[in-house]
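Let's start with one chain on its own, the form predicted alone, as structure tokens.
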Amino acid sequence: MNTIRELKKSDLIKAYTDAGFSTETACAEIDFAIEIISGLTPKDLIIGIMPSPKDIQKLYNTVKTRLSTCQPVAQILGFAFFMGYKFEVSVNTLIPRPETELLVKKAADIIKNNDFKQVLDIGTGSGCIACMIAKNTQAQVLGTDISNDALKIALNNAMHMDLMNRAIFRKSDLFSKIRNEEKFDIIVSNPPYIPYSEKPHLQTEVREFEPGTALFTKDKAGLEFYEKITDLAPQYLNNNGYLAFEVGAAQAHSVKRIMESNGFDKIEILTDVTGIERVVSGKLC
């Protein structure tokens, strides 16, 4: 694309649809890119506020990269929105998705209803779960991850949201660096839950660009990390503590059984807006 000084969304939408994307996807991604690049919303554009020529050029370059490589726009730009806040992301973190909001909201409800103070977020990635739980409650959240690069981004996000000492981070493979004396009121996790055998069937932007360590399991059912976390969670939970997971499609009842076999009851399964059973939570007996 040559130097562009005038924003023509119709041209960008056509470029998307010519590449095989739906008009809905095109509009959503273009609006997202405009907001990240220039801070302008669709309402701003409607009333005639336009991005600067420099921002327009960056937008067209972003679309060109997106359509030629399939790399997610959020990775190209380095940011994604989650629950109304802008989070830094990279190839080392999952891009926050709307369905994860359900896990945050459920955890926040449990925390507020029980006046909980200590939270552990396993596999924190960008820190979006840890930060939003800290933002919406009075609890302190410890987010752990095995990736140094992801932890740097999580820390940046906490700093930008003024959550220092409220959302803190530590390198740990599951519970490996959690001290025996550390106890939590609730443990939350959106762990890897896609069997590696399903990798060829995923969308290119997920398969090729998002971190495999945050996506894939070695077992055929995708339950590896639910089993590992649930097995050890009772050692690190206070009395009457809770465990809450995001799960993949058709995994909720298997995760429920895993939790029941490890001493959890009052188990709830929550369904997301698409009808998928997405969150499983339970209380330690």
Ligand code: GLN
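Don't overthink the numbering: it's just position in the shown sequence, from 1. Remember, it's a predicted structure, so these values are computed and weren't measured experimentally.
Omitted from view is the form predicted in complex with ligand GLN, to which the following refers.
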Closest heavy atom of Met159 to ligand GLN in the model of the complex, within 4.5 Å or not? no
Taking any heavy atom pair closer than or equal to 4.5 Å as contact, tell me whether Glu198 reaches ligand GLN in the model of the complex. no
Do Ser126 and ligand GLN share at least one heavy atom pair within 4.5 Å in the model of the complex? no
Glu208, heavy atom within 4.5 angstroms of ligand GLN in the model of the complex: no
Looking at Leu155, Ala108, Ala139, Leu94 here, can you tell me which has any non-hydrogen atom within 4.5 angstroms of ligand GLN in the model of the complex? Leu94
Could you spot which one of Ile168, Leu77, Leu215, Met83 gets a heavy atom to within 4.5 Å of ligand GLN in the model of the complex? Leu215
Stretch in contact, per heavy atom within 4.5 angstroms of ligand GLN in the model of the complex, of 170 to 178, 187 to 195, 111 to 119, 141 to 149: 187 to 195
Any residue of 227 to 248 with a heavy atom within 4.5 Å of ligand GLN in the model of the complex counts; write them all down in order. Glu246
